[in-house]
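Next up: just one chain, as structure tokens, the form predicted alone.
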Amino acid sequence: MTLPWTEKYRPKSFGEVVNQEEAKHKLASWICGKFRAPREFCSRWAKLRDREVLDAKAVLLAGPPGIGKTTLVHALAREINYELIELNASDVRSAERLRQVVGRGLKEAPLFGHEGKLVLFDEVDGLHVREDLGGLETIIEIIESARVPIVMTANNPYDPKFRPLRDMSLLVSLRRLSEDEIVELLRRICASEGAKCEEEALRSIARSSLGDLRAAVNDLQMLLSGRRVLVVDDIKRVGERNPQLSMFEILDRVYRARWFDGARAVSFNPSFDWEQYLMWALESIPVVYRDVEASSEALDRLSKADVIIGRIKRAQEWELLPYALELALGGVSQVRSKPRLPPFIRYGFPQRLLILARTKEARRRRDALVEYIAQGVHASKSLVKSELIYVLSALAKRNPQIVERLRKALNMSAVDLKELLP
């Protein structure tokens, strides 16, 4: 079986990781400031003595896919001779499984002469709080009690559900590689494989990867499969990669699109979520379009898209969705008297999502109360929410025993229960 080139040419040391100097200095400074590491390594890479670095209980490496987050941790473990315990949060999700794997690993002594252990939680943003019961809380517990370095990686660390992790961790952001940097690395791989690759062909691969080095290397291996020469026409025949985009990048592409079709094309991206986009666009339009007329026109088109989507959901006429997306994307982008946009726009998380994140536990407990009452009286949840819970609230104010019975059944405190009753 052919070894993937992403593994074959993976950097083996800190120095081989390309153009992530700031991230390397912060990660090394944290390791050397809190744990045992070779003196030569620390003298070369540990340049920071900030309290932010030294007080952090863990490290959260952040950045888009394919820029070297996991590679950097592997290189660090090899550099300081630590045994790496690696878990992918997308695979090992439950609290029980996390404790089983990590707990056993931390209790056992390092193998094969390693100086210590390093735990890597890869892709922690693959955890879903609702489905993966206790997974996030267990990671926090492990960090609080562990005496070994713990590093996590995430594509999007600013999701509200990860706030507890961010608060206790040193956030280290990795940057996308430039087109020239990717081309240089692809050129080295071609030379090592004995392949002749046109410069423009390599640039086309690098350009379509949008800074994702792993994607670029995978594309190069695929295109060179069974051949030793690569020209730009080979790439044109295959077609360029459709990259994964974050919501920040999707918004930026929409607002900066010069033509209607350019904004509409964002909907073809595999990572595009139109429901999320509508929430983000609603709050970002006034930030991007400072001009009142431009902002009003964009919001009007977004509202018309929302009206169409409302009809789609009611009548299940999903064939109308492309028309709604044209209004929400191209209509929002191509407004009259569109102002000149600054080079950098700070897009914030929608307040609706932040409020939902903050009130999630209260809503979960309220739902548990409604479900318990609905089962007890053999009524629907909607009836309990709209009518019965108000009757129960009035009765509870007159008879404290009702609150006590509900408290025991739901395992809640009386104070919390009274807060849930309207």
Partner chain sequence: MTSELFWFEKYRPRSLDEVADLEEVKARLRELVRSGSVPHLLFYGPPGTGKTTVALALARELYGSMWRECALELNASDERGINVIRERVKEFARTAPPGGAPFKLVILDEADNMTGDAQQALRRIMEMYAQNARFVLLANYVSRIIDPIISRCAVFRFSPLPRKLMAERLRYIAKSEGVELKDDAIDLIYELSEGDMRRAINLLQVAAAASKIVDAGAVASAAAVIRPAEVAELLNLALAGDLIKARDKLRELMYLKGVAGADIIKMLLRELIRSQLDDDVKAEIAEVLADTDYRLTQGADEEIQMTYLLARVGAIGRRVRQTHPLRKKQ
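Rigid core (definition): largest C-alpha set, two forms, superposition within 1.5 Å. Numbering follows the first chain given and starts at 1. This structure is a prediction, so every number in the text was calculated from the model and none was measured.
Quick note: we don't show the form predicted in complex with its partner chain, though the next part is all about it.
Proximity of Pro164 to its partner chain in the predicted complex falls outside the 4.5 Å heavy atom cutoff. Of the heavy atoms in Glu199, none are within 4.5 Å of its partner chain in the predicted complex. Taking the partner from the other structure, its partner chain in the predicted complex has a heavy atom within 4.5 Å of a heavy atom of Ser303.
In the predicted complex, at least one heavy atom of Leu406 sits within 4.5 Å of its partner chain. Distance criterion of 4.5 Å from any heavy atom to its partner chain in the predicted complex singles out Glu283 from the list Glu123, Asp234, Glu184, Glu283. Residue Ile373 is the only one of Ala58, Ile373, Ala62, Ile31 with a heavy atom lying within 4.5 Å of its partner chain in the predicted complex. Annotated contact segment (heavy atom within 4.5 Å of its partner chain in the predicted complex): 310-318, selected among 75-83, 339-347, 310-318, 140-148. Not one of Met222, Arg228 and Arg253 comes within 4.5 Å of its partner chain in the predicted complex, counting any heavy atom. Contact annotation for 372-389: residues with any non-hydrogen atom within 4.5 angstroms of its partner chain in the predicted complex are Tyr372, Ile373, Gly376, Val377, His378, Ser380, Lys381, Ser382, Leu383, Lys385, Ser386, Glu387, Leu388, listed in sequence order. If you fit the rigid core between this form and the one not shown, you'll see the Cα of Ala206 move by less than 2 angstroms. Shown in the overlay between this form and the one not shown, fitted on the rigid core, is a CA shift at Lys34 smaller than 2 Å. When the rigid core is held fixed, the Cα atom of Ser380 travels 2 angstroms or more between this form and the one not shown. By 3 Å or more, the C-alpha separation between Ser209 and Arg346 shrinks in the predicted complex relative to the form shown here.
Closer approach of the C-alpha atoms of Arg346 and Arg214, by 3 angstroms or more, is seen in the predicted complex than in the present form.
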